[in-house]
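Given as structure tokens, the chain that follows is alone and in the form predicted on its own.
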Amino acid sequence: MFWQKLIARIGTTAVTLIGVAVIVFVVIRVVPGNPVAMMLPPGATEADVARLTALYGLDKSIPAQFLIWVQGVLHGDFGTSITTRQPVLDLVLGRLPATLELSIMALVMAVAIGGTAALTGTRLRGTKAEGAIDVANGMALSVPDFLWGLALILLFGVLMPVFHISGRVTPSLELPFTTGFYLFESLFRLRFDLWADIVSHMLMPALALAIPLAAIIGQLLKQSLKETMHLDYVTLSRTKGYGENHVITREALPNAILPTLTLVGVQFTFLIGGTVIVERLFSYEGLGNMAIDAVINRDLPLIQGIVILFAVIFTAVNLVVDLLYTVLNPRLRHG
């Protein structure tokens, strides 16, 4: 059953990616505006516009353009950026590590904050402390990540300038990285001064992304724990004399965490998408910042490359979470 499910999910993922590619390709080409005209100086002639339009294949019909693009993709060619004149694949893969590192840090922070809030609220259930945690959860959930980003910039960048609120690394500390994963590579090189500087740059945007997700995780996990605490095997554990902390963490948590695992996987994909505005706020050099520039400049090949990459990440994460949930849930594994 597991392998059948895997094959079915891979097929669904492939169909999803094809559908996303078609929709994105068509939509960005029917939106008003001529990207070629934006590249040329004000004194450019119609002949100059026509020449560049033909060079990028924009003079052909949309189906013909799509077929040309698909043929290129099958050979690893996602086109050339209109604004930078560089291969789209190189540009996108060059910014991907920055966004992945930021998203992973935000996810770790969200799980730590949300999980702690849920366990604490469950341990202190029925007290005023539980009500305070619920109120804090509601406040964190009602404010979007970009507003948290603005608040953090005001607090830690203006009123109390403690952390870096712009860029990815201090230029004076930069060294020729061999990969785009600055955070992990600095640890591998044992450059702890560089690692601390990178973390200092990432902390505020990661926290802005993590706060709303932490509220969702805390809310769902606390509700799951509340339902699990009334089950027979938990009651039996209490009768054996185990303390409340043991009952919550060793008996209730392993079963209550399964729905939260699915949520974390789904929300992680939205977290990556949410980096677009947050990266812009903090001038963070990731895919989100590049996506905004591509939209402003009507850089069609670059927009396509970024959206397709986001779609691949989304579907891959959902596939992994779905399969992981099947492995961890005995009823689905042996179904």
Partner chain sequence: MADLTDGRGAVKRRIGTRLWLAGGWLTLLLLAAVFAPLVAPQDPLAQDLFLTRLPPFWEKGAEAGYWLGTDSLGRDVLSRVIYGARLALVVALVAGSITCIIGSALGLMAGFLRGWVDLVISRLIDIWMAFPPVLFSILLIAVIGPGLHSIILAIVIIDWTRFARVVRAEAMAQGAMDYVASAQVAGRGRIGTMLREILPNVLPTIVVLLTLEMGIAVIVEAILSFVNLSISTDDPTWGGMIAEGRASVYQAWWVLVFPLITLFLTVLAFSQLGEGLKDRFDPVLR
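Remember, it's a predicted structure, so these values are computed and weren't measured experimentally. Residue numbers count along the first chain shown, from 1.
The form predicted in complex with its partner chain is left out here; the points below concern that form.
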Determine which one of 155-163, 103-111, 76-84, 195-203 lies within 4.5 Å of its partner chain in the model of the complex, judging by heavy atom distances; exactly one does.
-> 155-163
Applying a 4.5 Å heavy atom distance criterion, does residue 268 contact its partner chain in the model of the complex?
-> no
If you check in the model of the complex, is residue 226 within 4.5 Å of its partner chain, heavy atoms only?
-> yes
Would residue 69 count as touching its partner chain in the model of the complex under a 4.5 Å heavy atom rule?
-> no
Touches its partner chain in the model of the complex: residue 139 (any heavy atom, 4.5 Å) = yes
Considering its partner chain in the model of the complex, which of 187, 175, 147, 93 comes within 4.5 Å of it through any heavy atom?
-> 147
